[in-house]
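What follows are structure tokens for two forms of the same protein chain, given separately as structure 1 and structure 2.
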Structure 1
Amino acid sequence: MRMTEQRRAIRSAFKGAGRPLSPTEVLDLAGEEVPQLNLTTVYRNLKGMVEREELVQVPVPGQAVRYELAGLDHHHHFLCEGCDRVFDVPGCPGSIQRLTPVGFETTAHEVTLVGRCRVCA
């Protein structure tokens, strides 16, 4: 794993954003530092960073997958219908597991709030 300019730019896009990013958002943000950045390269780097556990995927209902830095505390997400950006939401409504139907086994849960962010509200 070599350290290239584009990889550096992709990393710092996540550091700077502080919220989950879509591949296109990564291209736009990192592309300011490295204008020749290619979308294919973004996809390949995101994939590699997930395999190396630097990033995790953030599946968003009805939307393209986002990515965020790995190792954050358990939290959930907010999808803004105005700007399509995704934000982290600290905390978790406990008592989610107890919804599990009899005979089923729950290993994870996704909670996504949908609405308007501070800017769009």
Structure 2
Amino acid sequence: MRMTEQRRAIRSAFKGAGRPLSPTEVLDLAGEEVPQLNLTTVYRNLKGMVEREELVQVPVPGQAVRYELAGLDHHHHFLCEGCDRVFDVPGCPGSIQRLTPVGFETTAHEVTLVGRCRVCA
């Protein structure tokens, strides 16, 4: 897939934001660079970028999926109840494996903290 003006703006939106984004947030940020960008184009590019492993999906409990750049170190997320934005939480609690019931095997985990960001607090 060739590097279009739209894809370049979408990639730039993720790099500039430094956090997981919803398709609407991508449209708002990338639309500053490419005003004619529309939500259909954003969704098409997000799908292609996930397929090419440039982006990964970030599941958010009870909400639509967000997206972030692929290749980041293992981390978790914080969902702000005030502004509905998702932020990266670096690292991982070392005791997470101790939560696994006896006889079970953990192969992956997702942790999403919920609260208010510093702007909304």
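Heads up, when I say rigid core I mean the largest set of C-alphas that superpose within 1.5 Å between the two forms. These numbers were taken from a predicted model, which means no experiment stands behind them. Each residue is numbered by where it sits in the sequence of structure 1, with counting from 1.
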* Give me a 1 or a 2 for the form predicted in complex with another copy of the chain. => 1
* **Core-aligned C-alpha movement of Ser12 between structures 1 and 2 reaching 2 Å** => no
* Asked: Taking the rigid core as reference, does the Cα of Thr106 move 2 Å or more between structures 1 and 2?
  -> yes
